[in-house]
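Shown next as structure tokens: one chain only, the form predicted alone.
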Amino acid sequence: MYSFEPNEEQQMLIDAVTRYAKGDLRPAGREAEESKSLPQKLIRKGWELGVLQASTPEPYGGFGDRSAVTGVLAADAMAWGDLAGTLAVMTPGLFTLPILLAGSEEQKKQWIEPIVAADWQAFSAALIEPAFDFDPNDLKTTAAAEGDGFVLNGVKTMVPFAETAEALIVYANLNGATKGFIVPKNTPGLAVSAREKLMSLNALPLYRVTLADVKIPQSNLLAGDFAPVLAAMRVANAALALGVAQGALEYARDYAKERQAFGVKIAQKQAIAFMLAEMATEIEAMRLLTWEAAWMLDAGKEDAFMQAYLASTGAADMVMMVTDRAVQILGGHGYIREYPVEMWMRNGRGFTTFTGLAIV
């Protein structure tokens, strides 16, 4: 049986992340969204908290055991501050954690320590594809064996920091199975298009990437199973949704306690009170499901991958409901950019497509 109580080290990390979310990310989030730019010093400060390092074993430059639970707790707390900033801080994990989960010992020694032991660097991954029927287990991007390596062809979308990334992990269909391939920058055939314009996450630089006969050696294949990687991405997505939803709930609740209509606080109106109660209930239900999924991944439970899928899909629905209700509770104020709930609702709408932007 698992415990719901963070251990001492996890609690110290959560406390540090919470201070960063409140003192740095939340104040900077709106301006970053409007300017479409995240200050580098903000990203570096988040990186220095050591969230990724805490889940990286010492032989590879970290200072902790691999733990999806620790990653979930940190992602939840950080996303309360700002989603785009959190994803930026977590982006190097998109490269290192799949190598830790599915890479060879040689790949781990070559790639992981130089990243986790250094300052924040742009290393990223390309999973999502621009197709209405996108399925991470049935990718349109292909890998074909050729000589002593592989040739990659396809198109990826929403790739964080692709323009400046030192290397990407590109996921492709190899003989019917999804596999990751390490693709260094400037590899012939790898092309990064102009920065994408999206409904939300405007502060996070996301790009479309095209692969045209990209040749890589056999040694760049992540030969391990993709399932644990995908499950870790889904649990991360759920945790981030929890943070966004929690922030929206608290903001709407506090607003309702102060805002008066017809001589009473609107929080005393039954319709508003019921909304807030339902929002809180759904958040807590999804939080427990997400924690359980993370614990099952760490424990190697047989049903962990299914639980991760349930957490991700459930949290995506939950965060859309909660952020939409937050806008409703603020009334006309909820629709104007002076208040943050409209930004959170736009972020909430995207969680059905965000799997692949973070991993824990």
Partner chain sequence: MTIEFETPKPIVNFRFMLQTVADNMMRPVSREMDENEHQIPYDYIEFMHTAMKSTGAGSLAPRESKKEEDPAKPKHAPIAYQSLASMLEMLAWGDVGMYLITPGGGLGAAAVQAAGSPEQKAKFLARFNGEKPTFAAMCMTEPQAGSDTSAIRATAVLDKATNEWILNGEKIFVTAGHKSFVPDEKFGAGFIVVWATIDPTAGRAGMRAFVVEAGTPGVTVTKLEHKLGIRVSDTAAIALVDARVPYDHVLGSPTVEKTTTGFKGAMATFDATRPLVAATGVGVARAALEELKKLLAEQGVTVRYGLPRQKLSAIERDVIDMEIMLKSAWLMVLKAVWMADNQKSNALESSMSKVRAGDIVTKITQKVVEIMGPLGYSREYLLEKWFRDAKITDIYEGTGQINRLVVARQILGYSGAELR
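Positions refer to the first chain, counted from 1. Predicted, not measured: the structure shown is a model, and the values here were computed from it.
Below, we refer to the form predicted in complex with its partner chain, which is not included among the displayed structures.
Looking at Ala267, you'd find a heavy atom of it within 4.5 angstroms of its partner chain in the predicted bound form. Although the partner is absent here, Gly334 lies well away from its partner chain in the predicted bound form, with no heavy atom inside 4.5 Å. Among heavy atoms of Lys257, some come within 4.5 Å of its partner chain in the predicted bound form. Heavy atoms of Gln328 never reach within 4.5 Å of its partner chain in the predicted bound form, leaving it off the interface. The three marked residues, Val155, Glu166 and Ala194, fail to reach its partner chain in the predicted bound form, with no heavy atom of any inside 4.5 Å. Between the options Ile43, Leu310, Ala32, Met320, the residue in contact with its partner chain in the predicted bound form by a heavy atom within 4.5 angstroms is Leu310. When you look in the predicted bound form, the only residue of Arg253, Lys179, Lys108, Arg208 with a non-hydrogen atom within 4.5 Å of its partner chain is Arg253. Figure note: of the listed segments 276 to 284, 197 to 205, 143 to 151, 180 to 188, the one touching its partner chain in the predicted bound form, with heavy atoms no more than 4.5 Å away, is 276 to 284. For the partner-free chain shown, Phe132, Asp133, Phe134, Asp135, Asn137, Asp138 of 127 to 149 come within 4.5 angstroms of its partner chain in the predicted bound form, judged by any non-hydrogen atom.
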